[in-house]
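Only one chain is included here, represented as structure tokens and corresponding to the form predicted on its own.
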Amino acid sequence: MAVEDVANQKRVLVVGALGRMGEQIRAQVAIHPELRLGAALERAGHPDLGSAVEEDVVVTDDVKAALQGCDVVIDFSIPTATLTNLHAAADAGVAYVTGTTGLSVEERAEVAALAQRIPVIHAANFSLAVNVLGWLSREASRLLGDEFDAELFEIHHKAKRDAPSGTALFLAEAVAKGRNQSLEDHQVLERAGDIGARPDAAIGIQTLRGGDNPGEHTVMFVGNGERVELIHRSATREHFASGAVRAAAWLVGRGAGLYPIDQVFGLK
């Protein structure tokens, strides 16, 4: 790559740079023509703080120092860490891409408020295929209508902290939108005991955890004598990282605001 091309590349701060997603993101940044690694952030006390991940990039736990000279952050971590780092990014005027799930209603509102100062993308899933699945789920829900019952199934690795997953809730929200419903009013997250007949317009979400599964989601529309199933299975985390890096390149240089991932992929 020519020297002038390197100089024009935007610098990315990767949060959790030594974790499973962090490693995948760094690999995708390395092959993206418009981006390069600018900084690597890890939690305080991490045993590899101070180690070099690239010739000029040393792992740090100082977010303010890491943000210096960077153009965009990519963050797949936990809510408390994401909000701390997002506040620092807003103060520094650095764009922010995050796939952190498990945020409360109040925490999501905080993300939206900070997006009034910098450009932000917060998505449950950065896979192009998963976002297409969301589009398909919304349209299937709209076209099939109330005669088909909606049920979602998801499984992730045993270390995943939040349940249902952010992706499962994203897909359930797509189903609800297709029916002009509120997900909060219709979601069913557990069934046990004598619960009676299935409520009309319920959207069931069933969660399993085990092994090292990166993620599997099935959206079912169950009618009388027939069923439609829409399925996405992940074998690796590479496509999540690839989508996040694509979103980062798209976001740099845009005005403040909370941008939907649909815009990055051209979905409507």
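Being a predicted model, the structure only gives us computed values, none of them experimental. From 1 onward, residues are counted along the sequence shown.
This protein has a second form, the form predicted together with a small molecule, left out of what is shown; the following refers to that one.
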#### Entry: Any non-hydrogen atom of residue 15 within 4.5 angstroms of the small molecule in the predicted bound form
yes
### Query
Taking heavy atoms only, is residue 32 within 4.5 angstroms of the small molecule in the predicted bound form?
no
### Message
Test of understanding: in the predicted bound form, would residue 138 fall inside 4.5 Å of the small molecule by heavy atoms?
### Response
no
#### Entry: Non-hydrogen atom contact residue 110 with the small molecule in the predicted bound form at 4.5 angstroms
no
### Task
For the three residues 42, 46 and 101, verify that every one has a non-hydrogen atom within 4.5 Å of the small molecule in the predicted bound form; reply yes or no.
yes
### Task
Name the stretch, out of 121-129, 169-177, 182-190, 146-154, where some heavy atom lies within 4.5 Å of the small molecule in the predicted bound form.
121-129
